[in-house]
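Listed next as structure tokens is one chain, alone, in the form predicted alone.
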Amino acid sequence: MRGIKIIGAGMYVPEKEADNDWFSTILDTNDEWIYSRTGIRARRISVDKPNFYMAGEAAKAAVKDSGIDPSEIDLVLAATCSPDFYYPALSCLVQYETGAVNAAAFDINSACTGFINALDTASRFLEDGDYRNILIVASERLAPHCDYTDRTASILFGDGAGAAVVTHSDKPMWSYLNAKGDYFKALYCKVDHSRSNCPLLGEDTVPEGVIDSEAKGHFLQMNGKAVYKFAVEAMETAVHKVLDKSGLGIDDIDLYIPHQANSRIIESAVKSLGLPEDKVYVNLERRGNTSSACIPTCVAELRQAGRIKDGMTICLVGFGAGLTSGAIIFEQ
């Protein structure tokens, strides 16, 4: 059986908080405008710590919480869309930072759906039997990706990291993963090769209509309406699909943890699905959208508060750039 159990969780939240009033000093906006459209009051910005530092701190906290020695970790999976290096992989740096000397390591990039895909991947390695303990870390430093002259996107995103140590369980787990690559233009951030000094290189060939301004070559780009429509539909579809696989009903789930993109997206999907609001965890008011780190940060907060208990049936659901989406149900 492809079950998993979370035996440890941790997170790292940068010290610097950028609230909506701060944004009003650099953009034509205010707290009421931002909060009414997003549900966000503030987000954390990593002003001087790289992604791998945040990932390492969250990972060390998760390993400590698990009670196992780092040498007992067999695999490190890192989910990120904002690495500090093209190579090595973030997972290799986390392996070093945590002292997981016996672990293999590789990265997964499916943006905001990253932790969902990493958890699904981990469950398959654990089912194999050669792997006992897997460290999953999702970490994002999105501030350098954002255009802080654009109030539609920069107000949404924050930085942070969340991690979990998982092991095999005989309890059930189900997953549903999806991607719609034909919608990639709705949310993207292009790699900037403009600093290359190779005399043989010409202009990059990219799909028509993607790069037509300097900002689109350097910063995160988002079609808000298209992402909103996709996100609501993707969240609904993913939950329905994974519930169908499990044979469970809406009320059989003890806790729903959605990707923390926007309160209006979550509220719309919750209403359409008929989810009990008291079973849906939301923390984006003071965190913002931290992409793949959203869900594991929620898990760490809930675990620290004693709200994740053995025997609970939990549903995780994510959606993001790619466009990607997915959901997992597991019994803890």
Ligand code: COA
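So that there is no doubt, residue numbering starts at 1 and follows the sequence shown. Small disclaimer: the values here were computed from a predicted structure and weren't measured.
The next section is about a form of this same protein that is not shown, the form predicted in complex with the named molecule.
Enquirer: Is Asp278 close to the named molecule in the model of the complex, meaning a heavy atom pair under 4.5 Å apart or at it?
Expert: Contact check for Asp278: no, nothing within 4.5 Å of the named molecule in the model of the complex.
Enquirer: Does Arg37 reach the named molecule in the model of the complex, with heavy atoms at most 4.5 Å apart?
Expert: Yes.
Enquirer: Whether Ile155 contacts the named molecule in the model of the complex should be assessed with a 4.5 Å heavy atom distance threshold; does it?
Expert: Within the cut-off, so yes.
Enquirer: Are any of the heavy atoms in Phe85 no more than 4.5 Å from a heavy atom of the named molecule in the model of the complex?
Expert: Phe85 lies outside the contact set for the named molecule.
Enquirer: Would you say all of Tyr228, Ile265 and Asn289 touch the named molecule in the model of the complex, counting a heavy atom within 4.5 Å as a touch?
Expert: Each of the three qualifies.
Enquirer: Within 4.5 Å, heavy atoms only, one stretch in 240 to 248, 191 to 199, 169 to 177, 255 to 263 touches the named molecule in the model of the complex. Which?
Expert: Partner-contacting stretch among the options: 255 to 263.
Enquirer: Counting any non-hydrogen atom inside 4.5 Å, which residue from Cys92, Ala103, Cys146, Leu187 sits next to the named molecule in the model of the complex?
Expert: Checking each option against the named molecule in the model of the complex, the one that comes within 4.5 Å is Leu187.
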